[in-house]
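The chain below stands alone and is given in structure tokens; this is the form predicted on its own.
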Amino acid sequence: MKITASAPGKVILFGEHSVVYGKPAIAVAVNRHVHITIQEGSDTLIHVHSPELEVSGYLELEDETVNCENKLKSGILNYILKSLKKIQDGTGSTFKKGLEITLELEIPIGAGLGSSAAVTVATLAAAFKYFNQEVDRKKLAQLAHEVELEVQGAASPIDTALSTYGGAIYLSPETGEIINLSLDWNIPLVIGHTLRESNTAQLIKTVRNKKERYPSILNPLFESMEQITLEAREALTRKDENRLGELMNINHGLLDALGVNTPVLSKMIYLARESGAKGSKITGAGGGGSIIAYCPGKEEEVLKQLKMEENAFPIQISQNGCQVKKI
């Protein structure tokens, strides 16, 4: 028996960093996925292999360790480990015969595109199916968020919700509720990303320290980001292309003021605009990672120019969340 599960990555359109301080955010699932395949192993070990990362190793659930020669790229395997451990502890299921797990990635890790959430959601869904146990999407998203909290220490429910449900969401600051946004049009986006991975936890800490030193300066920035997100929600609903692009550009300027921009990200952002993008900005924590370029009618031009500098690919909103099947 072989079980395969896939879950989409995500991009944050508006609300990076300000969401940490109770402000709203808008994010969408994208048509780039993580795939997890689980099948019975030939021994008692839980083997994991990722062809894209060139990583192979095995997991020990009892002492919760990842055994892998390539330590630099093995961090993502912790999400698989913790997901399996959570299922084992929560259901009483055991992996007596061992497993062979394959991780396939269509999105780069450490790029602010929700790779860890997608890995977690797909692993949980595949493992539940492997043990012939049912899990609804609400429970799947909840468990995945718990795993991210265990591994990272802090995590927003946005990423795991999008990997589970797909679509577009608005995180309400008043209630903390994740609200589905019904968007009946495709938002043409191009992702540009660097090979330098971002450290989300460290960047959040850096911004927090700066906020504590200059509260009278940074608090108004977060208030402005809130207003941008509220305006952007309306622009998305009305399909107002020009307004949406302008808001992205303003939002990026505020993120730059927080100190999370880099020369490489900045170069891609302005190159995208020069190539015809109506708006471009950091997506995610910054400090490396990715940018998004909103470029109706100019995807090919923007993509071509970004590829000459860094890595780039087009994306669309994925209305489908996690999918799992038995082969």
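It should be emphasised that the depicted structure is a prediction, and the values quoted were computed from it without experimental measurement. Just count from 1 along the sequence shown to find any residue number.
Missing here is the form predicted together with a small molecule; even so, the following discussion is about that form.
Exercise for the section: Quick one: find which of 173-181, 102-110, 149-157, 124-132 has residues within 4.5 Å of the small molecule in the model of the complex by heavy atom distance. Expected result: Among the listed stretches, the partner-contacting one is 149-157.
Practice task
Could you spot which one of 285, 30, 265, 272 gets a heavy atom to within 4.5 Å of the small molecule in the model of the complex?
Solution key: Here the answer is residue option 285.
Exercise for the section: Report the residue, out of 194, 229, 200, 74, that has at least one non-hydrogen atom within 4.5 angstroms of the small molecule in the model of the complex. Expected result: Of 194, 229, 200, 74, the residue with a heavy atom within 4.5 Å of the small molecule in the model of the complex is 200.
Problem - Contact label in the model of the complex: residue 312 to the small molecule, heavy atom within 4.5 Å - result: Close contact is absent here: in the model of the complex, residue 312 is far from the small molecule, nothing within 4.5 Å, heavy atoms only.
Exercise for the section: Considering only heavy atoms, tell me if residue 317 and the small molecule come within 4.5 Å of each other in the model of the complex. Expected result: Contact with the small molecule, no.
Problem - Distance check, residue 303 to the small molecule in the model of the complex, heavy atom within 4.5 Å - result: Residue 303: no contact with the small molecule in the model of the complex.
Problem - Partner contact for residue 257 in the model of the complex: the small molecule, 4.5 angstroms, heavy atom - result: No, no contact at 4.5 Å.
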